[in-house]
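Next comes just one chain, in structure tokens: the form predicted on its own.
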């Protein structure tokens, strides 16, 4: 059982208390408490508020004290879109892209997602697990306490199950929380290039029921875009997933506008991700819906394309979340603080909005907002401390490692100061 902790001398505590999910003006309400303290007991928040009120509690006097020295404390970051398990980087494509090759040109040359598929199919599960375990440590070192992890680099039943089983094994062996999503519809694999209809049927009728039977995923996702799957194909796959108990998510409007955002609203998916190419009409529909708009600025930066219209989505009243899209091809970053910086600079989100998008709204998109994403009594003690005096400095210092302490369910996962570990 996790020890009782008193985190005190917190310069700024961002509780993120308030309505869930956050929309419009409420996205900027950080629930800020100055000169604060948080009491953690049995892996949960036992008290949170001003230092004076928390420290005078009888339970606080017996707790192990961690002095934050005026630093900032927020809810543990929630990375709601990652591709955690893959075999190798695609650094050669990075150089090709710098030289001017487009996403589609790289794919036609044998690169892209299909290159990751070839490598993953050949790698044993044990090796994939070792690599992913190291990545989870890096996520924690950047303040992340929960990650959504997609399959999608297998594209046959055995390989997709291999990925999802690796993720289940990792979830049991280490403390970072992993939420699995089945993404068998990432692209059509080469062996079905002339039989795409057959592959869609395999995903819908064979893969999804098997994933659901073994309880290997909570969500089902489709890459609905140019060069991937059509709106009709995505509708069929996500409907099949929902029938088997897998809640739908959707890669939407990244490379081209296909109508995927409108499909997301039609199907009431948990999250529509990317949204780089949405129109004003799409934004209005999304803003009236319960769909979380998960923005992935790391992919836009790495591909050298315009950012999604984050400011317009927030102002329209959409539910906006932020994630890294960590993957080997288009967003090789594990740092949600870096994604916050990009969202502020490239999408014009305010710092408090970016933090809410990477905590409470991201938790809502994963259907975990009842236990993570805010700092409130009774919720999991998922906490991230940053070595700054003002929370706005977290995105301000872009590309700078500022995480100081990461706690999951009351257990310290990362501490910059060894005395705190």
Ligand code: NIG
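Positions refer to the first chain, counted from 1. Keep in mind that what you see is a predicted model, and the values were worked out from it rather than measured.
Only in words, not in the display: the form predicted together with the ligand, which the text now covers.
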Are all three residues 81, 103 and 153 in contact with the ligand in the predicted complex, where contact means a non-hydrogen atom within 4.5 Å? yes
In the predicted complex, the residue from 313, 113, 334, 292 with a non-hydrogen atom within 4.5 Å of the ligand is 113
Note: exactly one of 329, 76, 248, 309 sits with a heavy atom within 4.5 Å of the ligand in the predicted complex, namely 329
Is the gap between residue 274 and the ligand in the predicted complex 4.5 Å or less for some heavy atom pair? yes
Would residue 229 count as a contact of the ligand in the predicted complex, using a 4.5 angstroms cut-off between non-hydrogen atoms? no
Contact label in the predicted complex: residue 254 to the ligand, heavy atom within 4.5 Å: yes
Though only this chain appears here, would residue 90 touch the ligand in the predicted complex if you measure heavy atom gaps against 4.5 Å? yes
Partner absent here, but in the predicted complex, which of 259-267, 134-142, 165-173, 321-329 has residues with a heavy atom within 4.5 Å of the ligand? 321-329
Only counting heavy atoms and a 4.5 Å limit, does any residue of 178-203 reach the ligand in the predicted complex, and if so which ones? 186
